[in-house]
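To begin, one chain is listed below as structure tokens, in the form predicted alone.
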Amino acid sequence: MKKAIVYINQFFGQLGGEDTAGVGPSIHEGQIGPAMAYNQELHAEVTHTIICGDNYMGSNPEDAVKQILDMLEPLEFDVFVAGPAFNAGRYGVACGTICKAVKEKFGVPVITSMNEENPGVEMFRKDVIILKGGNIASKMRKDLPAVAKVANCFLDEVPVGPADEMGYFPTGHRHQVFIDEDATSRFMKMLHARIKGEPYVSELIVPKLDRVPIAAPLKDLKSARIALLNTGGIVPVDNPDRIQSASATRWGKYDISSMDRLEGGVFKTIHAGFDPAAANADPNVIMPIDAMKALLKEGVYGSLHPYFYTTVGTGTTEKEAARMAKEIIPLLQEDHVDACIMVST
């Protein structure tokens, strides 16, 4: 019987949440968490489960990859599966990182799954087959069988169909296929459909890239007005704007004109994507009001916008982020802000 190995993070590996995100790689015989479901769906036995904390992989990618490759070296396996990673950015990047490394080292098929908003998609879609997955873990029931379906094509040694048929993100690779209809007939059908306003799909789709031009540098920092924004979820302790801890659709604006720093117990983070202990104890580690006020007194820059703006980045879609930005920008323009510092986590 053919063999498979599954990679998952600390949460799905049942080690814990953010408190264990820094644990290094470990390998376990048999199936843990989602690996049990893969064992039912795959035309192979899942012989081992690899678990690694998202923070460890993100902070020590070379070391984490080396450890995992060393663990895999003595094993025999026919396919390597990671995730699903949904819209969890660190998890998605981790899945893409290890899948690419395993493919290059051992030459076996590698498959994972992510939501379209996951940064891992654009980073690894050309190197790894990434199924189009849901945005939250409750989509596991749908996402996992989709991964297994593609993996089974490799296991059964049958061709993997096109991206739009199999449900994975296009890899940018074009394959020659033979069909009965000639190019002229296909072209005329698409032309007629376009003229009539009917749906059609081009055979060569040119991707639309969202290119944001780089802003011009400040001419004079000493006279510039600076504003602070963050995606780390720093809010007053009662979270008056009810900003969500993940997949945010709301933002907040808070007055700092009379403060030299943010105090723990007065401000906190509501971000669900990292351990909040340090930020709750000292909110300035995410929203550095103390440092900005100190630099202002030293004359490093001209003036500080009297408010800071906050939302949560984890799981927040590009569409919602763009909408929130369009709502905040006029407030900055009204105060003649010259530059913004966007603090992330």
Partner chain sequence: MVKEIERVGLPIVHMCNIVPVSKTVGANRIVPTISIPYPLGDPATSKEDQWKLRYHRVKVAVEALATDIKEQTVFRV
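Positions refer to the first chain, counted from 1. For clarity, every value in this text was computed on a predicted model and none was experimentally measured.
There is another form of this protein, the form predicted together with the partner chain, and it is not shown here; the text below is about that form.
Shown here without its partner, the chain carries Pro119, Ala215 and Val337, all of which come within 4.5 Å of the partner chain in the model of the complex through at least one heavy atom. The shortest heavy atom separation between Gln333 and the partner chain in the model of the complex is within 4.5 Å. The partner chain in the model of the complex comes within 4.5 Å of a heavy atom belonging to Ser59. Although the partner is absent here, Leu72 lies well away from the partner chain in the model of the complex, with no heavy atom inside 4.5 Å. Mapping the unseen interface onto this chain, Val300 counts among the residues with a heavy atom inside 4.5 Å of the partner chain in the model of the complex. Residues with any non-hydrogen atom within 4.5 angstroms of the partner chain in the model of the complex fall in just one of 316 to 324, 23 to 31, 64 to 72, 38 to 46: 316 to 324. Proximity to the partner chain in the model of the complex, defined as a heavy atom within 4.5 Å, singles out one entry of Ile270, Leu144, Val93, Leu131, which is Val93. Listed residues Met188, Ile195, Leu221, Val237 were compared with the partner chain in the model of the complex; Leu221 is the one with a heavy atom within 4.5 Å. Residues of 278 to 300 placing a heavy atom within 4.5 Å of the partner chain in the model of the complex, in sequence order: Ala278, Ala279, Asp282, Asn284, Val285, Ile286, Pro288, Asp290, Ala291, Met292, Ala294, Leu295, Glu298, Val300.
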